[in-house]
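Before any questions on binding or motion, here is one chain by itself as structure tokens, the form predicted alone.
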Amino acid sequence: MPQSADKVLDHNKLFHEPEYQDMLKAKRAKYENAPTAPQVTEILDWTKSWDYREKNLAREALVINPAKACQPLGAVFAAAGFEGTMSFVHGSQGCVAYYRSHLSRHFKEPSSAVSSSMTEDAAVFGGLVNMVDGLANTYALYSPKMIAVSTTCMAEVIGDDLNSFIIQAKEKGSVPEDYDVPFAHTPAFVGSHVDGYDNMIKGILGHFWKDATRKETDSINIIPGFDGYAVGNIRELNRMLREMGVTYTLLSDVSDVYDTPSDGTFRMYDGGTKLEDAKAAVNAKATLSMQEYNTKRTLELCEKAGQETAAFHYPMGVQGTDEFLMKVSDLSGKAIPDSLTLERGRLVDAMADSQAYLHGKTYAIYGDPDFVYAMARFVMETGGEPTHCLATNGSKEWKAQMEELLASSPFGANAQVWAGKDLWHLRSILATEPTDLLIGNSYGKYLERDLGIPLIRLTFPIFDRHHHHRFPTWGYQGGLNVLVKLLDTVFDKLDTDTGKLGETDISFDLTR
């Protein structure tokens, strides 16, 4: 055998050993009835043709590898940003295991959430008993300060009423009568994780603000939205606002719970927005959303409470950061400090230093609507061309906003916007209209492998690279990080293309 107790091989080497290769070959021949290698090549080549593209883009009844997740994932993420809060997902255990693993694999941290463990009997008779027992167990075992309830498909299909169930659970003594149990209906079969985030934030604020008497203050509420770079971005956001001297409340702060230290103490809950601050947030003069499509319903709630609202599209790069800081300055009366003005100038200088390597580069960008908008805008600031912009959870409204953005710059003249399309659509698009670079998440590595287009991982989820989320992409400092990622990929590709000794290395430059 190729390994022993003294020599344990990782799977990426183990299965290339002759014994395993022979076993896999025999399995294909005996059990799989696999097509021949020429047949595979023929079909593979056809799937990269214009003929296949037309058929692929015409499909309506099937989604293949969508660039989105389901609502409860966003709800679990949103709830994690509040002090001592445990997510309670009313549905099956398997669904909740997916949310926990998805978040844990990206942030490299434990992601706590519990389930009401609905099975076949609950699907027939309803999940009230599961809710009553589940809330009691959660309260007793994990001692949370708040339990935030969301739902999976099963609970929504049978029509379980969360408000009624929670009231009955309190009557049966599962948790104290005055204990905070906000909830949000988050059916996984409609919308996406950004809608789940929105519904849960609205549910939590609606719970605390119900019947509250508002006394306006000078404070500003900030809602970050669902963000794979939340750890770095929230800390950068805090830094900028503190430098401005602004009074503010961050609603759903996950920067600590998804970045706990290894010091011998397990922190199931860490940091987060204090519950008292969430209650007092009704008194803020305004609420700002860092991501419009993550907070549409929540901002409606804030407006009904009498607050001014404004929404941004993931404030990355020069213009995105400018717009955010100027709005904060206008609302707070605080001037933008010289320190941030200097950071802006340094970002512009860095972009100018490297413009020769980014000007004219073409990009395919996919992800959530606000991220794609921000990334396309930043790419155009560097002189790049966002040729294909795709958001599976993008709406007609988003598409119109994107087209307006792209029309504002000559670098957007050749861009195409793909709302509601998935990554298998994107494969056909890039096979027929390739770009220089691809920006998205880890799932883009299959497009990179199939089509030879370098992938830059800048959005959730990132499973196959570590710790990117600890560094910001928001603000001028975040823009500098993104700029470096773009440039490193361009230079890596240059080195690869010019690295063959005696043939292509005439441009294998040491200094660029």
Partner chain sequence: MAKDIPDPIAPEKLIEEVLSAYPAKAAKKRAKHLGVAEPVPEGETEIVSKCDTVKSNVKSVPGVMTIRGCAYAGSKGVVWGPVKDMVHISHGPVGCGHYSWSQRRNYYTGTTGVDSFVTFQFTTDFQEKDIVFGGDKKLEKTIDEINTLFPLAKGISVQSECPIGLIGDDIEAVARKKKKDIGKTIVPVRCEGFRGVSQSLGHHIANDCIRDWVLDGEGSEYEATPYDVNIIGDYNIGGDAWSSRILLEEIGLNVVGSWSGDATLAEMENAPKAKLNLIHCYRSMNYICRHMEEKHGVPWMEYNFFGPSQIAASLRAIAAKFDKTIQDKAEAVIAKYQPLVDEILAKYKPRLEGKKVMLYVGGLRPRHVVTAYDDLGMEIAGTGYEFAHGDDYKRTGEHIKEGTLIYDDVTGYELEKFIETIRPDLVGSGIKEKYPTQKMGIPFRQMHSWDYSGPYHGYDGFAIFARDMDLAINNPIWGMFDAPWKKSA
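We call the rigid core whatever largest set of C-alpha positions still superposes within 1.5 Å between the two forms. Numbering follows the first chain given and starts at 1. Since the model is a prediction, treat every value here as computed from it, not as a measurement.
One more form of this protein exists, namely the form predicted in complex with its partner chain; it is left out here, but the text below deals with it.
Listed residues 413, 352, 97, 326 were compared with its partner chain in the predicted complex; 97 is the one with a heavy atom within 4.5 Å.
Interface residue among 121, 308, 216, 330 relative to its partner chain in the predicted complex, by the heavy atom within 4.5 Å criterion: 121. Heavy atoms within 4.5 Å of its partner chain in the predicted complex are found in exactly one of 374 to 382, 397 to 405, 162 to 170, 128 to 136, that being 128 to 136.
In the predicted complex, none of the heavy atoms of residue 454 sits within 4.5 Å of a heavy atom of its partner chain. Residue contact check for residue 109: one or more of its heavy atoms lie within 4.5 Å of its partner chain in the predicted complex. Heavy atoms of residue 365 never reach within 4.5 Å of its partner chain in the predicted complex, leaving it off the interface. Within this chain, residue 291 is remote from the site of its partner chain in the predicted complex, having no heavy atom within 4.5 Å. Heavy atoms closer than or equal to 4.5 Å to its partner chain in the predicted complex belong, across 66 to 101, to the residues 66, 68, 69, 70, 73, 86, 88, 92, 93, 94, 97, 98, 99, 100, 101, ordered by sequence position. Once the rigid core is used as the reference frame, the Cα position of residue 467 differs between the shown form and the other one by less than 2 Å. Comparing the forms between the shown form and the other one, the C-alpha position of residue 32 differs by 2 angstroms or more, with the core used for superposition.
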